[in-house]
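Encoded as C-alpha cells, the following chain is the form predicted alone, with no partner shown.
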C-alpha cells in the first residue's frame, strides 16, 4: 500500500470492457506527512469516490485485483481509502 495525493483525472472513451464505468484518477505518492511528493505519477481505479486534492491509500499489483470491481481486470492500482488523518510515532502528521 502507498499513501498518495490525487493530482488529476483521466477520461478514456475507449478502454478494456472490464474497466468500463470506472473512474480513473492520477495519483502521486507522498511521504508520511502527506506533503512531499515522491516518484512519478500513476493512474488508479477509484473505488471510494475520491477527488482531486484528497490524500488516499492505494493498493498495487495482484492485490489491486482482489475487489469485486477489479476482479480479473487489467489493473495495477486501486484507490481503496480516503485518509482522514495520519499519525506517525504518536504525532498527527496530517488531518483532513
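As the structure is a prediction and not an experimental result, all values here were calculated from the model. Positions refer to the first chain, counted from 1.
Just so you know, the form predicted together with a further copy of the same chain exists too; it's not on screen, but the next bit is about it.
In the predicted bound form, a further copy of the same chain lies within 4.5 Å of some heavy atom of residue 10. None of the heavy atoms of residue 35 is located within 4.5 Å of a further copy of the same chain in the predicted bound form. Looking at 1 to 32, the residues that come within 4.5 Å of a further copy of the same chain in the predicted bound form, counting any heavy atom, are 1, 3, 7, 8, 9, 10, 11, 12, 13, 14, 15, 16, 18, 19, 24, 26, 28, 29, 32.
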